[in-house]
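Presented below, as structure tokens, is a lone chain in the form predicted alone.
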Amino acid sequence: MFDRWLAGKWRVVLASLALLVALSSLAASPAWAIQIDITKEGGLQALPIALPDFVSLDPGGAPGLPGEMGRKLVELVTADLEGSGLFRAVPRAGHLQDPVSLWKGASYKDWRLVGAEAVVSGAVREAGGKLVVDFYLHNVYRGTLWGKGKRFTSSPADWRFVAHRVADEIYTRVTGEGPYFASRVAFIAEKGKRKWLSLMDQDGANRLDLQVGSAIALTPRFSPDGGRLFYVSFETGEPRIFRWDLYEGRKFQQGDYPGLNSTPAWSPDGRRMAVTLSKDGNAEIYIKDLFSQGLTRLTQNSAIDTSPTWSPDGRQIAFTSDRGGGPQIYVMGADGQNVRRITYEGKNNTAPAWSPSGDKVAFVMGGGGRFRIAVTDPEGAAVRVLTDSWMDESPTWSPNGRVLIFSRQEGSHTRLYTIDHTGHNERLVPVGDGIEASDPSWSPLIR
């Protein structure tokens, strides 16, 4: 991971640059959306929702008892919703209506008695080698459906994806926010002395190792369409940027400039790359046109400028610079003009990540021997420290801008965690197999 390659002057950025140079010589919410509150105890107010198993439909459409697929789907939907911190599953022991009866029609009185504010009814069938899933979301207090019924069709092997889509639909209807469960995370996996590029579902399942070899890989970054990745690799002997086209299964080198080639970042339109290069003797930020291959230098400073991140509208770039005496977060126009500093709290502020909604910039705040995840607005007027650990790094946003995933060093181990942008609901993301995980990049929503 680029931002934590060695301890040193900045600990997160400056030492990484020194090593690499040496090696290289709630918007638009519906009126019925729930209000998301912070409780007096310091947590998120979770909505009680009932999630009975999905019934099995016979060829004639008659409902029967839930089967294995109906149970697995609901188990994953429940894990997604509860994992968000915004939902609490009503214990099944208290359900007064069975799944088959619920499929025929909800008894809202019974669900009110057990404290459910929403209930989900669903059915599963296989037809023509396809998995067909139908579900309805019920608003218990209003005694009506929460939107229309929804159907998802896929191969049976893709049942997990369908479950994430169901959870996304429920999440969006109830909260009024965008979805994020049907997404992936690219990260750097590590075991022993090897570091390689991996993909997984946002909940840690279905890990796929893309590059396992002797070459070290760093800083994966998803393209806006989710189909490509930038990353830094040492497979040529020098740190160089590569692009991996995920659906075509091919990769190629994205330039070969002398010195440092690092921290690539896609523009929102997918046509340009912001990048840190030291080809002119100092670490500066450039923009490369991915079609014409033209290169434009943005920063002109004797300090180290690095780690660019684009605003969602493509008009601004946040980055890290020590031009003020220590590493801090700055923002400039995408043409390099109108540079302004936005962080003052904290002695070592690095690794900015602009939220998809554009109203927040996450970053690593260093000070007092600790590095924590923090967020601020693009003007630096509202800083909130989210985590309280020793070494938290590399924040990246969920597709809806609600959640951050980041890496944490715990003793000799490095793991991935998620946290709500309010600073609540911190959770470990299981990667499995004794694999260390760092430097995540969250994909756009998968459809």
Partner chain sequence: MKRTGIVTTLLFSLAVLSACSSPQSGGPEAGAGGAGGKGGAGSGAAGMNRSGADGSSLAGGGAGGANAEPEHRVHFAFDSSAVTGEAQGVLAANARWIKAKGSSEVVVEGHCDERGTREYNLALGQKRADAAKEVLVSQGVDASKIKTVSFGKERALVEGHDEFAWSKNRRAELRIR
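Numbering follows the first chain given and starts at 1. Owing to the predicted nature of the structure, the values given are computational and were not obtained by experimental measurement.
The form predicted in complex with its partner chain exists for this protein as well; it is not shown, and the discussion that follows is about that form.
Exercise. Among Arg151, Lys193, Lys148, Arg250, which has at least one heavy atom within 4.5 Å of its partner chain in the predicted bound form?
Worked result: By the 4.5 Å heavy-atom cutoff, the listed residue in contact is Lys193.
For this session: Sort through Val174, Ala362, Ile304, Leu229 and report the residue having a heavy atom within 4.5 Å of its partner chain in the predicted bound form.
Result: So the residue touching its partner chain in the predicted bound form, by this definition, is Ile304.
Problem set entry | Residue stretch of 106 to 114, 218 to 226, 336 to 344, 157 to 165 approaching its partner chain in the predicted bound form, non-hydrogen atom distance within 4.5 Å | In the other structure, the partner sits against 218 to 226.
Exercise. Is Gln254 one of the residues lying within 4.5 Å of its partner chain in the predicted bound form, judged by heavy atom distances?
Worked result: Judged by the heavy-atom cut-off of 4.5 Å, Gln254 is well away from its partner chain in the predicted bound form.
For this session: Answer for Gly411 alone: is it within 4.5 Å of its partner chain in the predicted bound form, judged on heavy atom distances?
Result: Because a heavy atom of Gly411 falls inside 4.5 Å of its partner chain in the predicted bound form, the answer is yes.
Problem set entry | Partner contact for Phe371 in the predicted bound form: its partner chain, 4.5 angstroms, heavy atom | Close contact exists here: in the predicted bound form, Phe371 approaches its partner chain to within 4.5 Å, heavy atoms only.
For this session: Determine whether any heavy atom of Ser357 comes within 4.5 Å of a heavy atom of its partner chain in the predicted bound form, and answer yes or no.
Result: The answer is no: Ser357 has no heavy atom within 4.5 Å of its partner chain.
Exercise. For 415 to 447: residues with a non-hydrogen atom within 4.5 angstroms of its partner chain in the predicted bound form?
Worked result: In sequence order, Ser438, Asp439 come within 4.5 Å of the partner.
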